[in-house]
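Shown here is one chain on its own, the form predicted on its own, set out as structure tokens.
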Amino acid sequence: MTGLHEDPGALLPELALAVAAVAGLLAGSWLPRRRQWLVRLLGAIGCTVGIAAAVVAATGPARTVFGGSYAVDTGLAVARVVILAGTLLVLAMAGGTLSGHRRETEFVVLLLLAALGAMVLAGTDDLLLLIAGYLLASVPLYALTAFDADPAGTEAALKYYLIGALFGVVLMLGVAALLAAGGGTDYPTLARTLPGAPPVLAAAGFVGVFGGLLFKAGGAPAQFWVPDVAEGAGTPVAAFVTTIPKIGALIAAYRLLDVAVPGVAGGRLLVAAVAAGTMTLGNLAAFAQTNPRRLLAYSTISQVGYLLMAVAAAGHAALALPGLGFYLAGYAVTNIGAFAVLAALPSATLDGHRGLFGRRPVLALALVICLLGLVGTPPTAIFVGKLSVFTAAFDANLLWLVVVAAANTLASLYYYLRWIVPLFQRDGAPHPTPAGRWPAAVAVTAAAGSLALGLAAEPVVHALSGHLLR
């Protein structure tokens, strides 16, 4: 055990976000409204510095810091870069509507704190720190969901908060059960003691903690808030909430199953069953959606199902961790890109974008790339991510799950095409008013990022190869 003064430099990415949030909050108290964009600039600088620090840290040896409660390894490196880059894109997306807003500072600070919470989730090697990360990744997002103070956002925030509170309690009960069964909260102790603990108590603890992480990821049966938040919150907030927290939550779930509770009976099978149920539920619910935000919401639920395949294969397939990391990176840019198109051209129906290719061909192509990317079409990044997690599940003797996932992927093509085909049709109906250049720029950048990641997949996946620190 070492003191809390140990190696603060290992947390430079987290410190960059924390410093930007605190400095932004202080600066925003004095800046006039027309100059509060400086706080947004400060947040962007914090994210950029954090990315640089994360890349440098990734070249060093894997290690635990602060009494062994925080693991600086491959899983955290992926989460850091993806979370910070995704937050940077969302900050840029919000630039058009946020500039001059009377609470611009609060928006940026809450966004940075939620991103910090997601990073803490990804790196935690102790159940008590996991609770802290859960709360930090949740509370700011409740406020952001109701940021516009309109009826839809307020209702969504209330549902989000209530479900979050419920699963927060479930998570804490799970932590208590694992503490009682294993005699500790740090993962190495749990890995050593749980195999000899009462199996029912250990299994109940795992179910509780995994349930809390499912809420943060938006997976079944904790997914009820996702469509309401995606529809009721502002578009940048919807993009953030459906993307960033699940990066931390899924890395945390992988670490939990691979490092802390690999010996819990039925753990892998439970995760695999949840993966199958989540992807199927998300795809079936998406079929009937005519609102693009709700369609993306159910799409993101289905993506959690595919991502959980890598978690189910944790410790049993070499491609599980690199596949999960690459899939998360591809999903982040692709999902944010799709929401950026909605931010650029707000529409309450899929038909609202009919004929978009004739009016805004670049934006239409960006949307097509993002939607085909969500299906998993080559050469986009999610194609490689899906291929990797499918291979990992196969290597982990989960062939039935691969079959279910392949069937779901084919079925999902239907509802994405319902959005894509009208883009190329003629239409004389009124068109949505463009909301500025920033969201369109983010959409094009994200679509290009999805293609670039897909084309550069081999070296990136190779760079992500490795194991979590034990």
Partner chain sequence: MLSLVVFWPLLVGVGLLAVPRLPDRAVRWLWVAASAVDLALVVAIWVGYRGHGIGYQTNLAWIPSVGVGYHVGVDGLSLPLLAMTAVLFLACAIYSLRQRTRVRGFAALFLFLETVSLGLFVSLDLILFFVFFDLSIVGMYFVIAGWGHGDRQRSALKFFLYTFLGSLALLLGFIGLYLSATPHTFDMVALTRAHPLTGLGGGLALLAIGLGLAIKTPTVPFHTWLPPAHTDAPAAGSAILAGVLLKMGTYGFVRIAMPMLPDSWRRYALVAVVIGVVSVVYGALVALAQRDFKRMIAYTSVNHMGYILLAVGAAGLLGSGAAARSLAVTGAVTQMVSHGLITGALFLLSGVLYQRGGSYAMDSYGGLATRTPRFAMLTAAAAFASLGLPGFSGFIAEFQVFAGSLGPVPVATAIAVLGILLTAALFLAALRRVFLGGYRAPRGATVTDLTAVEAVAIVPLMLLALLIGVLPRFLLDLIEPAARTAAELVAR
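Only a predicted model underlies this, so the values are computations on that prediction, with no experimental measurement involved. Residue numbers count along the first chain shown, from 1.
Form predicted together with its partner chain: not shown, discussed below.
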(request) Work out which of the listed stretches, 27 to 35, 413 to 421, 436 to 444, 41 to 49, brings a heavy atom within 4.5 angstroms of its partner chain in the model of the complex. (result) 413 to 421
(request) Select from the listed residues Ala285, Val368, Ala276, Ala177 the one whose heavy atoms reach within 4.5 Å of its partner chain in the model of the complex. (result) Val368
(request) Find the only residue in Leu372, Leu342, Leu363, Val109 having a heavy atom within 4.5 Å of its partner chain in the model of the complex. (result) Leu372
(message) When the contact criterion is heavy atoms within 4.5 Å, does Glu155 count as touching its partner chain in the model of the complex?
(response) no
(request) Would you please decide whether Gly449 lies within 4.5 angstroms of its partner chain in the model of the complex, comparing each non-hydrogen atom pair? (result) no
(message) Taking its partner chain as it sits in the model of the complex, is Leu387 in contact with it (heavy atom to heavy atom, 4.5 Å or less)?
(response) yes
(message) Would you classify Pro346 as touching its partner chain in the model of the complex, given a 4.5 Å non-hydrogen atom cut-off?
(response) no
(message) Using a 4.5 Å cut-off on any heavy atom, which residues of 377 to 395 would contact its partner chain in the model of the complex?
(response) Thr377, Pro378, Pro379, Phe383, Val384, Leu387, Phe390, Thr391, Phe394, Asp395
